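Consider the single chain below, provided in structure tokens and representing the form predicted alone.
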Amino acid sequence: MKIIQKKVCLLGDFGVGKTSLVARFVTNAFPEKYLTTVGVKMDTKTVAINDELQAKLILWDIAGESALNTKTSSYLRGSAGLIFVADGTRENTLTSALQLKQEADNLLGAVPFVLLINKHDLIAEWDISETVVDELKQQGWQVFYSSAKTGENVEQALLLLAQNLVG
């Protein structure tokens, strides 16, 4: 069995659910208490790509920012893939995620990525238009409605990213 190791960074505003998404993916748990990430927090998970290949994802959960700064940019170096996270109940977090994507592209060039629009369990409070999401999908974005609380689309999104990372 061959294992390929890949660094993946999570980017998005404060409070969009990056840390909770990582917890759901790595330990299949949802922390009920809000934990602010200071700097960066790293976790790993190995996923099967096929019978002969596994991807060990080193997940860098970067503190919430709506724009890259010198410190955040240094965390991105060496990233093979990116996960952008927006909060479906706060439209401005999608705007931030789009800005972060543009800044990351300028820094890293094109790398595989997914966009998670998180907190889908709060659909009644949704603030992001379906039209905007459809436009992103038409531009080739892999967009998932996710919920760290219920686990909706968390595993699927990261598995798709892992598959894209190893070709």
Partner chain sequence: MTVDANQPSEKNQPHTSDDAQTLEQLIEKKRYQALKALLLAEESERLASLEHYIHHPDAHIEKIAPLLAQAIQQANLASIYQALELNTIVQDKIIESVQNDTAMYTQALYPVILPAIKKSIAEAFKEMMQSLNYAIEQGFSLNRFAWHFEAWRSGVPYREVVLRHTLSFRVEQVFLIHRESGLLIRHLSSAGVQQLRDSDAVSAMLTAIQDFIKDSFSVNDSDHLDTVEIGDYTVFLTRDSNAVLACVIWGMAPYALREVFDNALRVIDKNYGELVSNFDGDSSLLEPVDAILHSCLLFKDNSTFKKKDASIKNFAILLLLIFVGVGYWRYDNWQFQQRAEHYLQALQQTAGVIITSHSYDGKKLLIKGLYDPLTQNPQQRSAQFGLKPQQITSQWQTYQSLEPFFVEQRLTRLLQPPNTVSLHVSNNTLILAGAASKSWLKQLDLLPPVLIGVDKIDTHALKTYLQAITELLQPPPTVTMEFKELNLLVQGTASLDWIQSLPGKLMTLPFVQSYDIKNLTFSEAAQLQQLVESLEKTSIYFANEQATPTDAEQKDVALVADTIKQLQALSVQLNKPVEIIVIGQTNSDGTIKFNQNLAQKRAEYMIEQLKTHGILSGLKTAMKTDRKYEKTGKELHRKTSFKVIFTGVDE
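Please read these numbers as outputs of a predicted model, since none were measured by experiment. Positions refer to the first chain, counted from 1.
Although not depicted, the form predicted together with the partner chain is the subject of the following passage.
*Asks:* Of 129-137, 112-120, 94-102, 53-61, which is the one stretch near the partner chain in the model of the complex, taking non-hydrogen atoms within 4.5 angstroms as near?
*Replies:* Among the listed stretches, the partner-contacting one is 53-61.
*Asks:* If you check in the model of the complex, do N106, Q156 and L160 all have a non-hydrogen atom within 4.5 Å of the partner chain?
*Replies:* No: no residue has a heavy atom within 4.5 Å of the partner.
*Asks:* Counting only non-hydrogen atoms and a 4.5 angstroms cut-off, does A48 reach the partner chain in the model of the complex?
*Replies:* It does not: once the partner chain is placed as it appears in the model of the complex, A48 has no heavy atom within 4.5 Å of it.
*Asks:* I'd like to know if T44 sits close to the partner chain in the model of the complex, meaning any non-hydrogen atom pair within 4.5 angstroms.
*Replies:* Contact check for T44: yes, within 4.5 Å of the partner chain in the model of the complex.
*Asks:* Even though the chain is shown alone, can you say which residues of 52-76 have a heavy atom within 4.5 Å of the partner chain in the model of the complex?
*Replies:* Stretch hits, in order: K56, I58, W60, T70, K71, S74, Y75.
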